[in-house]
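Starting off, we have a lone chain in the form predicted on its own, written out as C-alpha cells.
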Amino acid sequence: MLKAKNKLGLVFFPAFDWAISSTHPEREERLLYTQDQLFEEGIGDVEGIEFFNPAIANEKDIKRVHFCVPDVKSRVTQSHLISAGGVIKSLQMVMDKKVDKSFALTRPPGHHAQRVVYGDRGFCIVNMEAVAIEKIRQEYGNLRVAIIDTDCHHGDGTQDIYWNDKDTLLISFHQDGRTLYPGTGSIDEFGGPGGYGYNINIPLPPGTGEEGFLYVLDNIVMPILDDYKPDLIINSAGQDNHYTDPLTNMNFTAQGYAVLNHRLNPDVAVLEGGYSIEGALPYVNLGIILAMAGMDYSKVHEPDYDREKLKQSKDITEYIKKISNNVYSRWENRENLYIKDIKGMEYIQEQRQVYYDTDGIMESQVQNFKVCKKCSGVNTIDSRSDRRHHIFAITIPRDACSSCIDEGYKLYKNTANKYTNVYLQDRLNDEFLAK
C-alpha cells in the first residue's frame, strides 16, 4: 500500500445546490471531475491521506471579516457558510495536529470578496481564507500568517481585508491587471499605514509558463517568507493559470503547480479559481495533493501536455526577471518607502470604485486609515452603492490601543443619520455592532 510522507487532510465540498447558472464556469463540475480522478488514481486508499467533511461557518465568523449590506442573512447562502467552514476545518486540523497539512477542495471560491459585500463579484461573496484565519486567531491567538495567492486573477478581496495588517502577509502573483479582471494588483499597491510593505503584488505578463512562475517563487516568495517567518502558510490555490483555462492567458501546467506546492510547502491550500473543468482541474488537484502529501508527482501530466509548445518566450523571461528585482527591492526597502510615503501623516484616505460584475452593482468607497504610533489604527469606510444603500463602517484592529478603541466607539455612537446602515467591527474584543 502507498503511504504519504505527510499526513494530509482533504476537505471536500462541491456545493451541489449552488451555482450562478447551470452553464456558468463556476459550477459543481469543477470538483466532480476532480473527485472522479482522485478515485481513479486510488488517492482514498493511500495511507496518510484522509477525506473530511467541512464544518459550517456561522454569522459571527462572517462578521469578523465582512460588512454585509444590509446583513449577513440577506447576502450569504448556506453553501458559502459550508465552503468557509471547510477552510476553517482545514486550518483547525493543522493547528490541532490531526494532520500535517490540509487541502480545502471547496466551492464557491472567495478571494475577490472584500470587506464590504453588496453582492457577488468575481464569483465570490465570502472570503473563505480570511473568515477561517480570523476564526483560528480567536481560537489559537494572534498568529502570523502568510497568504500566497497563486490564482491567475489578482486577490483583490484578500488585499482589501488585510491592507492594513502587518500580521498577515499577502503575496499575490497573477496575470497583469491591465490585461485581466479585476484590473488591480500593481506593484505600487503596497499596503495601508498599519501594514505598509506587507501587501506584495507581482503582476505577470500573459503567456507566463512554468519557468516564470517558479522563478517568482524562488526569487521573491521564498526569500520574503524566510524574512517574515510566518506561523502559518496558506496557498490561495487558484488553478486558472493553466494553459487550457478559458478565462485567462497563461501557460502553467499541472506539473508546475505540483512543483510550486512542493517548494512552497504550505500548511493549508484552498481551492480558488480554475475553470478548465476537464482539461486542468483533475490533474492540477492531483499534483497538488501528491506534492502536499510528500509523494512522487513526476508522472502527473495532462493528456495533451507538450513542453515545447508551452515554453516561455525569452522576452517574457527577461521581463519577469526585471519585475522580480523591482518587487524584491521594494520589500527590502519598505521601511524607507514608509518614511517617504506615510510617516508624519495623520490619516491616509483612499477613494475607489468597486464593480460587482456578477450582480451589476457599482460601489463608491472612501476609506480612511488613522496613522497611529501605538497600533495599526482605527479605520473607516464610507460606501455608497447604486442600489440605494449608503453605509458607514468602522474597524477597530486586533492590536488597537485605547485611543483607537475610544475613537472607534465614539464614531459609531455619533455618526449622522444620513447613512442607511452603520457598522462597528471591534476585532480586539470580537464584537460587531450595527444600526
Partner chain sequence: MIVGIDMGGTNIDGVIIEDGRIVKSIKKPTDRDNPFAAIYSTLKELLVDCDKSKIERINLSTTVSTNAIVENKTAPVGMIIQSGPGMTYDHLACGQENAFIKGYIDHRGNVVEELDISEIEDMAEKFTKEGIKACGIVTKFSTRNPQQEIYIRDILGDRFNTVTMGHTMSGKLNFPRRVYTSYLNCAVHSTFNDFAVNIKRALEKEGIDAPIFILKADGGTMTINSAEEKPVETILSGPAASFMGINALLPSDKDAILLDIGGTTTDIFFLADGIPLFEPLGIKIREYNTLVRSIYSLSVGLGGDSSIDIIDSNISIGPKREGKPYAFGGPKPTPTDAMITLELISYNEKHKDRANESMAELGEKLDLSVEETANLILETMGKMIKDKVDELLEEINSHPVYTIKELLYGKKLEPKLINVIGGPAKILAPILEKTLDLPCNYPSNYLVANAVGAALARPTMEITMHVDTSKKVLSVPELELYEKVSSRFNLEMAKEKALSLVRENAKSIGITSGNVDAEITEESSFNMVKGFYTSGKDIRVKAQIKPGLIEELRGDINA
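Bear in mind that the values here come from a model prediction, so they are computed numbers and not experimental data. Residue numbers count along the first chain shown, from 1.
Here the subject shifts to the form predicted in complex with the partner chain, a form of this protein not shown in this document.
Note on the partner interface in the predicted bound form: the residue among I43, V378, C68, A393 having a heavy atom within 4.5 angstroms of the partner chain is I43. Just one of D399, E28, E407, D382 comes within 4.5 Å of the partner chain in the predicted bound form, counting any heavy atom, and that one is E28. The closest non-hydrogen atom of F12 lies within 4.5 Å of the partner chain in the predicted bound form. The partner chain in the predicted bound form is not approached by N58, whose heavy atoms all lie more than 4.5 angstroms from it. Contact annotation: Y356 falls outside 4.5 Å of the partner chain in the predicted bound form, judged by heavy atom distances. N53 belongs to the set of residues with a heavy atom inside 4.5 Å of the partner chain in the predicted bound form. The candidate spot formed by I82, M295 and P303 is fully in contact with the partner chain in the predicted bound form: every one of the three has a heavy atom within 4.5 Å. With the partner chain left out of view, the stretch that reaches within 4.5 Å of it through heavy atoms in the predicted bound form is, among 284 to 292, 198 to 206, 263 to 271, 113 to 121, 284 to 292.
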